[in-house]
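The form predicted on its own is given below as one chain in structure tokens.
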């Protein structure tokens, strides 16, 4: 039996165990903990999309809050102006809105690389943030727009049913299914010839261009997919949060997406997923236990980054490799 076969079996076994845990956790956890896990899975979807740009294409964006926010605001506008509360319509609207913005921004941004790309994405996202404040009669301004609990596959929340229980069970499984579907699609993308071309562009743009890779075209498509994934996360997030405000369009939210992707390990496929879930729990518990949560969270995250320079998953892989060599 080859080493590749052994590793593949171990990977499949680990994936099966994690999937089983995700399925049975709502019956073992209280509703609040399950909702926290739902937030983590939603952020993991955004991290998957962001990592397609950072980890596989080599482009660092500081503007992904724009696509997350557009996904969320698309849902809020559908509720406010169309009076629709179907989650499936929310998802379609969020993906289309974020993809449209990503196409516009991508057309402008993929012409540049490195710091110029990062600054341009940040500047464009700040334009959307300022528009959300200025057009307060449309966006609700700082008061935001409320989003009621949606129907899932045509099924409304039962009269008298506790909202937290509904979100912790039925909505959790809804998010989990979408997360797994998004995970599978992204796995196919990064292991396809398209994904290999993106990695070639990341490693050596000039060489990739010499062998016939249309660099700008591939970057644009990666940008579009990344924005659509992040918009999908925004559309899933806002019914869970119940309110969307301009804060999610601010560059600091983009910084959060960057940070939990790096925390998990952007040079790996599953690293950003782990980073998103871990960051969500760290931030939640820091906010709940001290008024100086930003200071505490900052110290904890700096220590983690210094102690784990390759991210959580990257460092775990290195330790595992060293142990196998020692054995």
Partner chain sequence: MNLLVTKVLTKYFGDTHAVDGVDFTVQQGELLALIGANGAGKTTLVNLISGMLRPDSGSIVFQGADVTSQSVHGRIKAGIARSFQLVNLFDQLTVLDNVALVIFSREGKTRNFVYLADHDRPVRQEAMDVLQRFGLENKANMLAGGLAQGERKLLDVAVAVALRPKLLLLDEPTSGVSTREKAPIMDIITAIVRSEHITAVIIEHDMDVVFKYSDRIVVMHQGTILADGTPDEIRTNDQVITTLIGTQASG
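Remember, predicted model here, so these are calculated numbers, not experimental data. Positions refer to the first chain, counted from 1.
Separately, the form predicted together with its partner chain exists; it is not shown, and the next lines address it.
Heavy atoms within 4.5 Å of its partner chain in the model of the complex belong, among the stretches 245-253, 186-194, 82-90, 228-236, to residues of 186-194.
Contact with its partner chain in the model of the complex, defined as a heavy atom within 4.5 Å, holds for exactly one of 177, 211, 104, 164, namely 211.
In summary, among the residues 100, 240, 152, 200, the only one with a non-hydrogen atom within 4.5 Å of its partner chain in the model of the complex is 200. Contact check for residue 146: every heavy atom lies farther than 4.5 Å from its partner chain in the model of the complex.
In the model of the complex, residue 204 approaches its partner chain with a heavy atom inside 4.5 Å. Although the partner is absent from this view, residue 268 stays clear of its partner chain in the model of the complex, with no non-hydrogen atom inside 4.5 angstroms. Within 4.5 Å of any heavy atom of its partner chain in the model of the complex lies no heavy atom of residue 112. Contacts of stretch 81-118 with its partner chain in the model of the complex, defined by any heavy atom lying within 4.5 Å, are made by none of its residues.
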